[in-house]
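Single chain ahead, by itself, as structure tokens, in the form predicted alone.
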Amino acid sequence: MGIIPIPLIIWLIEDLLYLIIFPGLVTILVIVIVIIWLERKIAAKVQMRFGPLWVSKKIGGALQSLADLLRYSFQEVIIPEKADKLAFILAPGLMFAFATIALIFIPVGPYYSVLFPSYYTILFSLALIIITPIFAITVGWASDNKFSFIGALREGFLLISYEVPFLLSVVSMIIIFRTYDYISAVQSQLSFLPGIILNPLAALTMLIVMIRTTGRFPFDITEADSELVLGLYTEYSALFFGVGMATPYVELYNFSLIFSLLFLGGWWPFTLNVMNPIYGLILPGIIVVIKAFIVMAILVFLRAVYPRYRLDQAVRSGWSYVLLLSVLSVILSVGEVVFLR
């Protein structure tokens, strides 16, 4: 009596490891720190920015990230007098939370265990990812600052123009794999071809949407510092500012994991049918995270080589070229299913 069954203990431990350690919150924080460092170094090297290149050069510039962390941790939290205080305080945390919670439904191995197992993991993860930008709009509205409000309006315009192509690109892969589950989608690729070969149009569409949704160059329009100070986050300081600026990198991590699962074969070349904590979760998980990190590194490289789009250019491209590309990707998927498979 009172003794917890061993299978239940193992199940709970696996869940905690997945959500907290790998590929959960700890891994997210490590990857965010590394990718920010890499983004600075790449931009500094290409654009000859001597500060990021030379600060603590012997240890690769690690002191810069440490200095930023200390600054955010000990800065005074200032809340504008006319701001909607409840929304001002909660919005950054909720934005970060929903971006992180989406990881619950994104598997990194064929035998992973989650708190809410389902055959609709693709739909659930997309729902949480789509909700996240709403809190970004709330951040700009709650600040009672004209620059923040303009940034929020820009986020709204861009969100509407790129969300439909994103959903259509995922729908095109659902049509090909005939499943709403990430694991089944990866298994289909292991027995046939990776998604990026089956539907390159959908892969290209999703890459563009990833760049836009996470505010990478040339789509850093909502926080354009040369026009809007810091846009959405102009009135934020201390850890509130740090959480707000880290959230797009968490979203980038989620998008990159999804891209790896739907287009890059997931944990391929791992195909062993071994229900073992090491070979069933850790090894394939490392493969998926490495693929996701490579995708992230490619996208942050754009900071060094592309100028920023104007808002009208970005919105027009979303409603014309990117939307057309996503529709063509759906047509391609339907054609493959009807005529080739």
Partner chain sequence: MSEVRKPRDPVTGHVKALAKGFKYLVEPNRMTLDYPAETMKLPPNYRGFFTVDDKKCIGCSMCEMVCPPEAITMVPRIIGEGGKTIPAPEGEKEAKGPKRTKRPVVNWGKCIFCYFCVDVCPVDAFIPTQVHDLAFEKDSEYRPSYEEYLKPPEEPYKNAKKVVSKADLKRGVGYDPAP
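What you see is a predicted model; the values in this text were computed from it and never measured. Basically, rigid core = biggest C-alpha set you can superpose within 1.5 Å across the two forms. Positions refer to the first chain, counted from 1.
This next part talks about the form predicted together with its partner chain, which is not shown.
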{"property": "Location of its partner chain contact in the predicted complex, chosen stretch of 288-296, 42-50, 62-70, 23-31 [non-hydrogen atom, 4.5 Å]", "result": "42-50"}
{"property": "4.5 Å heavy atom contact, I282 to its partner chain in the predicted complex", "result": "no"}
{"property": "Its partner chain contact in the predicted complex: E81, any heavy atom under 4.5 Å", "result": "no"}
{"property": "Touches its partner chain in the predicted complex: W37 (any heavy atom, 4.5 Å)", "result": "no"}
{"property": "Heavy atom of V55 within 4.5 Å of its partner chain in the predicted complex", "result": "no"}
{"property": "In the predicted complex: members of 61-76 within 4.5 Å of its partner chain, any heavy atom", "result": "E76"}
{"property": "T27 C-alpha moves between the shown form and the other one by 2 Å or more, core aligned", "result": "no"}
